[in-house]
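Here we start with a single chain on its own, the form predicted on its own, put down as structure tokens.
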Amino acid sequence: MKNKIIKIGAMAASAVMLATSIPAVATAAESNYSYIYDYWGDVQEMPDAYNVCDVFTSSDLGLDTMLKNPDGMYVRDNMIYICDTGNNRIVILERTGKDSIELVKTVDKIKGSSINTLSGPTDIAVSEEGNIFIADKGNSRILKLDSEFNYILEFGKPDDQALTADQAFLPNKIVIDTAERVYCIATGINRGLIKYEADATFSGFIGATKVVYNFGEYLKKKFASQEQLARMESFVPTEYDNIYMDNEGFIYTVTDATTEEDLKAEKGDAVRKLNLLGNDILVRNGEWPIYGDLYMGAGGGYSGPSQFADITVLDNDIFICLDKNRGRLFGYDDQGNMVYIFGGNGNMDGYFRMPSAIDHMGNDLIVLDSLDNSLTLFIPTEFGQLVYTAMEQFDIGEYEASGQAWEEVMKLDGNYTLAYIGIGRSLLRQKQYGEAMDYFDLKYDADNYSKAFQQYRKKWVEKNIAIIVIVILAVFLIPLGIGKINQIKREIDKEEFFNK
């Protein structure tokens, strides 16, 4: 978290400089329900980053049997695969237009398997080769099927000493990599992600969460009886709730089991980004920790922290977390900066009753509601697309174009923090260090300000090196010269005195 000790004088000076160099910008445009947190942690309204394109119910999708507690969803190209958990089937949909989604087929039978029906499927994934993987939770297996749902093989309970013989294997969420290795979250197994090779061989656990404990509870356990220990909660890693693999092969995980106290004390992570070794490499340079809403008080029947049920990652590295507690979507960039927040609980379009899954199709977002049994399709607004454009242009090295896109963002919302930081970063890459410092200072971005200042100081020294050398030489040589002259003068005076 950034240093919040900012000099008021420097802030005022930068504001004056910006006032003379930046054209007037508009205040936040009218917004339906989108917001963000400013530097001080206050809610700042912002223009909507997304609009609801349409909400699709079971009848809209042409289903004879209504969806029942759908829990998992996967998007590939223009195809949408839904785990209709309560009906023990897979629903396959196709997006045929900007605002049209049509039913392709439903599948409830597996060809070639000794158990040819699904039982409470909770997640699905499709490989680049078209093979289909299903977390068939009720049947304690992960299925690998071909594109026609013919049985290929299955992944069973891991052969590991840490798991007891009577412990049930309940695969809940899965992802697959390009080699068709499977990474699984299983209910009741908190050792991290279960990793299988492509041939269904169990190869270990990766990415176990940090153990979080309270020192007071630790002392209690040291002196507790066996009966008291049995009633106390063990200090064990937290179980993940969902998982997503981005286009670079990094695995994002979310959990809703972290308490408000642990989140605020930064002892637990609601979101993690795992590399191949299972190490968390998520960048957290944003002003606020990545755990959703900062305010967790009770209101409208909801209380406590955000509870992330799912996560998806766009190709521009924006990751969006789905909060099942208050029905909100939280977008963050690859540095951990909050980009937008929208959504809520309710029956209106753009609100949810029990959101269970999120995925994306391009920059469009699709949210599955397990209680409302519906799909909501969101498309970026002009504001949202401008933000994405500015970020994407910066990532490919078009720094001047990125700065211009951020200026367009500022015309729609003159208070949007990331626009100032984005312009500052583009100026920094264009070696306009002084101007970059002005933008960073105005939005209290101490880290980037420090980077710009270091380069500004280096550039100033290189430009004025001759003057600096002359001054340094003058500082040393002039006193020496004056001293030498005074010495000679004293010797002359002394010689004249003795010659009299």
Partner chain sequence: MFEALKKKETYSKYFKSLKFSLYVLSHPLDGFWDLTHEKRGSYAAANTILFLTVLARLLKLRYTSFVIQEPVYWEDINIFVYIASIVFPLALWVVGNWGLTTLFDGKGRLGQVYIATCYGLTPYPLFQIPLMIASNFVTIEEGQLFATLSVISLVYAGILIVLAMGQIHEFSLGKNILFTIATLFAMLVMIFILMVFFSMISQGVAYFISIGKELMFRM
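Positions refer to the first chain, counted from 1. In this text the structure is predicted, and so the values were computed from the model without any measurement. C-alpha atoms forming the largest set that superposes within 1.5 Å between two forms make up the rigid core.
One more form of this protein should be noted, the form predicted in complex with its partner chain, which is absent from this view; the next part is about it.
State the residue from 447, 45, 54, 60 whose non-hydrogen atoms include one within 4.5 Å of its partner chain in the predicted bound form.
-> Of the candidates 447, 45, 54, 60, 447 is the one lying within 4.5 Å of its partner chain in the predicted bound form.
Okay, which stretch from 471-479, 427-435, 35-43, 60-68 lines its partner chain in the predicted bound form, with non-hydrogen atoms inside 4.5 Å?
-> Checking each option against the 4.5 Å cut-off leaves 35-43.
Please run the contact check for residue 464 against its partner chain in the predicted bound form: heavy atoms, 4.5 angstroms, yes or no?
-> No - in the predicted bound form, heavy atoms of residue 464 and its partner chain never come within 4.5 Å of each other.
Decide whether residue 457 counts as a contact residue for its partner chain in the predicted bound form under a heavy atom distance cut-off of 4.5 Å.
-> Yes, contact at 4.5 Å.
Counting only non-hydrogen atoms and a 4.5 angstroms cut-off, does residue 50 reach its partner chain in the predicted bound form?
-> No - in the predicted bound form, heavy atoms of residue 50 and its partner chain never come within 4.5 Å of each other.
If you look in the predicted bound form, which residues in 50-77 sit within 4.5 Å of its partner chain (heavy atoms)?
-> Heavy-atom contacts within 4.5 Å come from no residue here.
When you overlay the rigid core, is the Cα of residue 454 off by 2 Å or more between the shown form and the other one?
-> Passes the 2 Å threshold, so yes.
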